[in-house]
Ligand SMILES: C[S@@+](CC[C@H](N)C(=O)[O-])C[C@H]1O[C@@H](n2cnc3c(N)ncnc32)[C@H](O)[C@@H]1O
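Just one chain follows, in the form predicted alone, and it is written as structure tokens.
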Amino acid sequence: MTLLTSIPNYEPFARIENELKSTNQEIVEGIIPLLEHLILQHLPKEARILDLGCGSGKLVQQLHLRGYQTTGLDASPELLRYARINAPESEFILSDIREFDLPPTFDVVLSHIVLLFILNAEELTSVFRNVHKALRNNGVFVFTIPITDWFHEIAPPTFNHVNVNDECALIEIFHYKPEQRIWEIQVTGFELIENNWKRSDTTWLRKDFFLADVRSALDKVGFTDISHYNFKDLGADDSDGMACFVCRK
């Protein structure tokens, strides 16, 4: 397919993302319990799991430590360099989630806080189609995505996220464009390199989808038993208006 939009350029921010985002503590205390509730308790050990948009591979490693056969896929070479350090016994694939083509070998495909960077329904459908192809029969797709129906009830038109440690800082300022249902995210990162601070700046775009549109795209490519949950229904933070979908091939 011809891609209509560019994905965020993570290369200048890979070290910062590795150090500040999706920490092991956040994964162990937040993500793993949700996955255990939704799907892991039903999986045999050594089931094959694909993490779509795996970033620096920390979720891949936590799943590997729990006995699963894990593969991560991401479009950022620099993030995958960190992923191979963080999860050295797992497999990693460099590919755009809108274009990957894998045989039906996975029992589960996961994608956490990644699909928000898909900016139109056509490309979201392409991701779903690629996932459907990569799953074994009766395989399960679990993903999170921001939902317009929910998020705009709780979100101000502008807000920010700030993450910092002794050697890195990441500032994300969100501005909403209501006519497009898109958030423009102004991103500034700082990292300490040889006693000097290096600054990087970019703009990322985040898209919110209507709940009905996500379900329609899943139906279109053949998923069944489609369920969705508000994060607060799962006892988790719902400040980003995320839905968690669970569907079956």
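All of these numbers come straight from a predicted model, not from anything done at the bench. For every residue, the number given is its place in the sequence shown, counted from 1.
Below: the form predicted in complex with the named molecule, not depicted.
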* Heavy atom of Ala134 within 4.5 Å of the named molecule in the predicted complex -> no
* Asked: Ile173 near the named molecule in the predicted complex, any heavy atom under 4.5 Å?
  -> no
* Could you confirm whether Asn230 comes within 4.5 Å of the named molecule in the predicted complex, counting heavy atoms only? => no
* Using the partner position in the predicted complex, report whether Cys244 sits within 4.5 Å of the named molecule, counting heavy atoms only. => no
* Pick from Thr148, Thr125, Asn163, Ser95: which has a non-hydrogen atom within 4.5 Å of the named molecule in the predicted complex? -> Ser95
* in the predicted complex, which of 174-182, 81-89, 134-142, 96-104 comes within 4.5 Å of the named molecule (heavy atoms)? -> 96-104
* Partner contacts in the predicted complex for 64-84 (non-hydrogen atom within 4.5 angstroms of the named molecule) -> Asp74, Ala75, Ser76, Leu79
